[in-house]
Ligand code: FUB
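Okay, here we've got a single chain as structure tokens, the form predicted alone, with questions on binding and movement later.
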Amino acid sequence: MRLRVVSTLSALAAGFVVVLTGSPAQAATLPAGAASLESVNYPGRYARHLNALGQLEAVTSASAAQTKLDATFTVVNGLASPACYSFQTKAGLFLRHYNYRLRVDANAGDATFRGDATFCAVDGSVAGSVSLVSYNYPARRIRHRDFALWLDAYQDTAAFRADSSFRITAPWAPKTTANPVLPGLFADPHIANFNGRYYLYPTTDGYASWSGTYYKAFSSTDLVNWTDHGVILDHGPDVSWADNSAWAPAVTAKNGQYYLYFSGGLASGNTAKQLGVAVSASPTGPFRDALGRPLVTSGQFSGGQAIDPMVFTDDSGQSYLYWGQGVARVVPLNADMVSYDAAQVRTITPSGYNEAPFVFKRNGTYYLMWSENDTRSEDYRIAYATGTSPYGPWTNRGVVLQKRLDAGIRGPGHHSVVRAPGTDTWYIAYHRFAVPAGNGTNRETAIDPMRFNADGTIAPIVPTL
């Protein structure tokens, strides 16, 4: 028997109102991950794409594998609003409306595409069903007409309500690979373990010029099944000095609090980025801006860009802040974790370094890892060095993770690592171009084991599907 998901009440996107002449619709929640959409009034027919156009067609266990793929979507955060939803195909395309016709296209990342590919869910015509309302045309819903999918103006009739209602069912083509670990587009993942539970803090991706505004948190006990904890910090309402470019969050625990370090900028055309810090009593937030101003300002230190922060805490309890694109820097943080002595900032840029520094310690050896090349390049990759202190000196050990074209994996980089508590088992989280249709602004998060050789060097990491 195929699964059905009963909708529950939740808030619609801020400011989003559906005006109906009949009974008011109620907001509905959808489960993230792979799913298929079955017509309410034509059971056995499912939304699918055929030659890019949205159709309603019969799918059975005897259907061709491609038909099942075409009738399977990954439900992800709405590209235009995390309170709504977008639907990604197995080939990495997104369901969107174009001249009110439903079709699938590659994510252009701009505001128009994000709005066209975002739908808010309300209760459908029968229990357990949903109706999908256009984000940018809230008086219109997805409905089938002669088995073609259109975005039509809402009509308060039983026929329209049935034509625009779908059951969210188990996917016809379920996920068969370990990666990506998160549904949808996420990059720059920071992985941590707090109190025996794993947490992922990624950049929300899929935006032109990486102009996303908010961060989410995910948690897991097994690195396979992840719980979405929603938005934990939004530059718009939560950060007075930044409203754009919410990049590369990193979270650490200290003083009975959780500190979120992040990069931020403005949408006004000023491309300068700055670093901030936010604090929460919970690893899943909500976080509040701890300073009301940047922790590291643009141009405060000569050379490089102030992005990609991370914090390493040594065995002594001293915490160090690392950051920088083009130039890698480190400074010991004060005990309050939100201040430092600028005179103690040091430059530690290794050969080949571009961005995304990450430091950890194993068996008395310090490891500095970083990303080389540009994140828009399929040659984006991870290299590392070893040292005897948080400052080095560093011995360059070369590249440990790079593209794997035989598997369609391109641009793996901007990583973090975590050790399973009480063990010498390590994992690396990183992003790559979404497989198969991704690029430098359409990236997904993967996790693979990270192993060490007998001499303490890191064995080459093979990225997996």
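Numbers follow the displayed sequence, beginning with 1. Note that the structure is predicted; figures quoted are calculated from it, not measured.
Beyond what is shown, the protein has a form predicted in complex with beta-L-arabinofuranose; the following relates to that form.
Undergrad: Please tell me whether the candidate spot formed by Trp247, Ile307 and Tyr380 is one where all three residues come within 4.5 Å of beta-L-arabinofuranose in the predicted complex (heavy atoms).
TA: Yes, the whole trio is in contact, each within 4.5 Å by some heavy atom.
Undergrad: With the partner removed from view, which of 372 to 380, 82 to 90, 137 to 145, 329 to 337 is the stretch that lies within 4.5 Å of beta-L-arabinofuranose in the predicted complex, judged by heavy atom distances?
TA: Careful reading of the contacts points to 372 to 380.
Undergrad: Just give me the single entry in Phe73, Trp323, Tyr258, Trp210 that has a non-hydrogen atom within 4.5 angstroms of beta-L-arabinofuranose in the predicted complex.
TA: Contact with beta-L-arabinofuranose in the predicted complex is made by Trp210 alone.
Undergrad: For Glu355, is any heavy atom within 4.5 Å of beta-L-arabinofuranose in the predicted complex, or not?
TA: Residue-level check for Glu355: yes, a contact with beta-L-arabinofuranose.
Undergrad: Looking in the predicted complex, any heavy atom of Thr203 within 4.5 Å of beta-L-arabinofuranose?
TA: It does: once beta-L-arabinofuranose is placed as it appears in the predicted complex, Thr203 has a heavy atom within 4.5 Å of it.
Undergrad: Can you check whether His431 is within 4.5 Å of beta-L-arabinofuranose in the predicted complex, heavy atom basis?
TA: Judged by the heavy-atom cut-off of 4.5 Å, His431 is in contact with beta-L-arabinofuranose in the predicted complex.
Undergrad: Are any of the heavy atoms in Arg48 no more than 4.5 Å from a heavy atom of beta-L-arabinofuranose in the predicted complex?
TA: Close contact is absent here: in the predicted complex, Arg48 is far from beta-L-arabinofuranose, nothing within 4.5 Å, heavy atoms only.
Undergrad: Within 98 to 117, which residues have a heavy atom closer than or equal to 4.5 Å from beta-L-arabinofuranose in the predicted complex?
TA: Going through 98 to 117 in order - heavy atoms within 4.5 Å of beta-L-arabinofuranose in the predicted complex - there are no hits.
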